[in-house]
Ligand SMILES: C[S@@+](CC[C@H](N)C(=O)[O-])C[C@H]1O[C@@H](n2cnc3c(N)ncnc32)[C@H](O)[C@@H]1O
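Given as structure tokens, the chain that follows is alone and in the form predicted on its own.
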Amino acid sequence: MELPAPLRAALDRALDGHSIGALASAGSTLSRRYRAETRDGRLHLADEAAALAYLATRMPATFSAVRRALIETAGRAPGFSPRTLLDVGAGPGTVLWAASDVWQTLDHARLVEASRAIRACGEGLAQGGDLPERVWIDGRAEEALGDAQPADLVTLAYVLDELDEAARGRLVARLWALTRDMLVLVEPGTPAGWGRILAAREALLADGAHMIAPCAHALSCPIEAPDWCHFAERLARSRAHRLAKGAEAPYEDEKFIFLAVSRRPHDGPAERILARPQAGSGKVRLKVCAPDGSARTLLVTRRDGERFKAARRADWGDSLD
């Protein structure tokens, strides 16, 4: 995918005049903290250098993953037309940009973020887009929701990895209490990220939530370690993105896992594709999550007609209806 033109232009303006070397150095430090899931009480985006490095090296990929998760959510809930958004751990407004791209009905957003530096970056970026009215709330994800009001769409992206297990459970429960209709969680597509999503999934289903995506069912997850459920979204890199990461490839594959649940039931997919399809002459082999609670391999051949054509077009993470 390509970033929407207004977001790409806003990022270019925000990064213009800043040293690529400085962005790369700060980005390397930031990446190490994220990969190690460092929890030392300090904000990852504590200062302007870290905030700018995030815009250059992480926001594009995070946007692509969040947008894909929201597109899959919208596809399973076609009647869902949110007007209000509560995004917790908002960073520079990544979810706001993605949600506004998916649902043009959004007209008000509350964005909870503890880093003053990244809030400033986020409001600067927002000046370059046709985004909903927004209010920034200063505070950490697990502490700033005491007076929060419910929203149609509640989101938490790439935040659970910053919390310990007990805090994660409390935050997910609080977010569900603030969800008027749809709650979407997004995490890195690692075994640990999958584990955090599984724990949230179990708690939310036990609390009466209805599964929307990505699962084809609300039964126990059939995936067993060392395997894990995750998806990938390919993003075209801008020149600044590529140089700041010291990368040569013109694209980046962002691996992620997500969960969308609702107050109301919606139809789920017939199957969800869990890995890249393996195509051969007149056949496609697909690993899928099925409505009966199983994970299995499907062999779709030319004799399956329209289903074969759909399988040939399908990609990792798509639903196969």
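Numbers follow the displayed sequence, beginning with 1. All of these numbers come straight from a predicted model, not from anything done at the bench.
What comes next is about the form predicted in complex with the ligand, which is not displayed.
Site residues R68, I71 and A98 are none of them in contact with the ligand in the predicted complex, judged by any heavy atom within 4.5 Å. In the predicted complex, the ligand sits within 4.5 Å of a heavy atom of A157. Using a 4.5 angstroms limit between non-hydrogen atoms, A141 touches the ligand in the predicted complex. Contact check for L175: every heavy atom lies farther than 4.5 Å from the ligand in the predicted complex. Among heavy atoms of G91, some come within 4.5 Å of the ligand in the predicted complex.
A heavy atom within 4.5 Å of the ligand in the predicted complex is found for one listed residue only; from V102, A114, A126, A209, this is A114. In summary, among the residues L45, A56, C289, L259, the only one with a non-hydrogen atom within 4.5 Å of the ligand in the predicted complex is L45. Remark: of stretches 177 to 185, 229 to 237, 200 to 208, 106 to 114, the one touching the ligand in the predicted complex is 106 to 114 (heavy atom within 4.5 Å).
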